[in-house]
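Next comes just one chain, in structure tokens: the form predicted on its own.
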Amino acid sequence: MSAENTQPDLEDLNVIVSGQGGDGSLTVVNLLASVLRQNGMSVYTERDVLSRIKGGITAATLRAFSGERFTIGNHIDLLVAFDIDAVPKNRRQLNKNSIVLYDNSGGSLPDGILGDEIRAFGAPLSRQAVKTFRRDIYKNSISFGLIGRILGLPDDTMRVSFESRFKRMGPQIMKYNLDALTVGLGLADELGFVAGKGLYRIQEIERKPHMLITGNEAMAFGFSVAGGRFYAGYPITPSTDVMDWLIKWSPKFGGVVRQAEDELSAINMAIGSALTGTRTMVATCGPGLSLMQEGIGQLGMGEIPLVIVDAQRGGPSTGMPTKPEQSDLNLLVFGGHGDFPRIVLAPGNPEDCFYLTVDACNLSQRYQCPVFIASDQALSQNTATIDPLDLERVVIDQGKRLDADDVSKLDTYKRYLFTEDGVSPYTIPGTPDGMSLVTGNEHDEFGLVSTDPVNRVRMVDKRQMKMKTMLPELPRAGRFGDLESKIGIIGIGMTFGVILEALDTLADRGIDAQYFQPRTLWPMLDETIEFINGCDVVYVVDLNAEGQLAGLFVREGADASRIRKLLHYDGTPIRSDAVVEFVVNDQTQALGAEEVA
């Protein structure tokens, strides 16, 4: 099939690159993202991988746009398939305007797999790679020549991008990849995709300063900028990238990273570090968080500050390690035995991840308690374009920490002194006259073990008092859309971009709504309950089977009759059209019920 030279402008481009695990789909997407960023477009990328090193159909998806989005779109413009099996797997995301480019080294597509409307182009990517370079992997760079021509990218732009990408790998590797690109351009000529006459045209947009960053990278960066100097962790998908970033960069800030043998060791190393006054963080996900519960209880009893990132994934048990879910919320809020204060923050995009991690570091020090950051696989690992982070906004607060001069002015130093706000002034070990006794047992003001009933009640109440004291200082929710609307939508984590796009689509269909994005999940803020009870209906997007987010709201006083739960837990990222369909159907039913009444 020859290409038609209609060349519509692309202001919102969605591309899937899919094949067997190890085929390099993410490499192609990253290259394309680099080129499109040079044209001034914002980009968002998503990965769909299996929990194995190689094999099985995987995919990487890119969205490039002229505005600001934090989700993949509902339409797919181009599917690049390195394996024919990738076509039926991704078929449901295609429509009549989609284009399929596939590797026909092993044969053509089976009849009827795409229907008559979708345009498909086959090219011998693997066969050419093996023939020319004796290595199948070069099919990635060959494919890029075809992709670029289809999208209307100038050949010189592609070459410059390749030189920038591969020069660090040495001159020979760069030459091979440039040669592979040339092979791809030759295949494009054969298919009719000549330079400057692709199926689309990418218009150059005025470039602005920006960052392309994942949530995990942003949290690691925020931790370092906020004074974090010790990280302990065990590699566990999808949180491992936090440790990877810190291994590379933390030593430049004087920081230390320890890869522990398991999550039990990680949390206990972190406790030891935090007791020295060092700002400390761990990152894990559901199974690891379960193992850490005993250590988290000691944080509560010992009033020890620590930041804990939970990159949620499908559970229970090993579950689906590489798929997004938000089913740890009850564990974050209620996990552990006994009563002790904790804070749970919920970022919605990489910018939130950075600033809320700074907040988490300060809050943990100020209130001497664990602070959880509730992320998820998509937010943690997907890349997004954001404005440059403002380091001038970062303030480091040590809380009620006493130095030697402060202690010398006291008649008696009591580590767990009863105070009106529940927060005891404290010293770090080694401070003269500053006794540091830490135990998992209940204790008195000095830290000495005590089972006295009166002391027990006072100590529990003292710790719980922090939950009230901290309320004015906790991060407030984001508000978006029509703030006068009585139709509300609530979601956290990866649903941020999904709901924002849904608002635009709903407005186009005559439904004005507003999005309430809680940034503090626990303790529950009055603003959240007031928002829900002030709306006629609130749609809670819950990425779990039990409606855990909605359940928290109802438990804290939200009117359950106003809440509609959109539950999504099949392991795929939720898209904005699912939110739109849910809201439209419910609104239609409500209008029908009114007419019947």
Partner chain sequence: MTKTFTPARPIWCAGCGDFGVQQALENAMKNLGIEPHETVVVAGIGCSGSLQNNVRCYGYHALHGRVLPTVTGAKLANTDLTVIGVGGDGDGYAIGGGHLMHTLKRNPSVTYIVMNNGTYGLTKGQASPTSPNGYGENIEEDLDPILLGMSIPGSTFLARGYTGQPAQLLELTTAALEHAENGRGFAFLEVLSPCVTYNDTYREWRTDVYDVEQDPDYDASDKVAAFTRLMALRDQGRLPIGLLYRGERPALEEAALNHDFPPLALQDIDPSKLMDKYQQALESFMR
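Not measured: the values here are computed from a predicted model. Positions refer to the first chain, counted from 1.
We do not show the form predicted in complex with its partner chain, though everything after this point is about it.
Although the partner isn't part of this model, could you tell me whether Phe446 comes within 4.5 Å of its partner chain in the predicted complex, counting any heavy atom of the residue?
Phe446 belongs to the contact set for its partner chain.
I'd like to know whether Val100 contacts its partner chain in the predicted complex, with contact meaning heavy atoms within 4.5 angstroms.
Answer no; every heavy atom of Val100 is more than 4.5 Å from its partner chain in the predicted complex.
Although its partner chain is absent from this view, report whether Asp77 comes within 4.5 Å of it in the predicted complex, heavy atoms only.
Asp77: no, not in contact with its partner chain in the predicted complex.
Flag Glu294 as yes or no: does it have a non-hydrogen atom within 4.5 angstroms of any non-hydrogen atom of its partner chain in the predicted complex?
Result yes; Glu294 sits at the interface with its partner chain in the predicted complex.
Give a yes or no on whether every one of Glu392, Ser408 and Ser436 sits within 4.5 angstroms of its partner chain in the predicted complex by heavy atom.
Yes, the whole candidate spot contacts its partner chain.
Tell me, out of Ile236, Ile118, Ile271, Ile202, which residue has a non-hydrogen atom within 4.5 angstroms of its partner chain in the predicted complex.
Flagged contact: Ile271.
Report the residue, out of Gln514, Ser161, Thr427, Asn104, that has at least one non-hydrogen atom within 4.5 angstroms of its partner chain in the predicted complex.
Filtering the options by heavy-atom distance leaves Thr427.
In the predicted complex, which of 88-96, 150-158, 194-202, 397-405 comes within 4.5 Å of its partner chain (heavy atoms)?
It is 397-405 that comes within 4.5 Å of the partner.
Where, within 242-263, is there a heavy atom within 4.5 Å of its partner chain in the predicted complex? Residue list please.
The stretch touches the partner through Trp245, Trp249, Pro251, Lys252, Phe253, Gly254, Gly255, Val256, Arg258, Gln259, Ala260, Glu261, Asp262.
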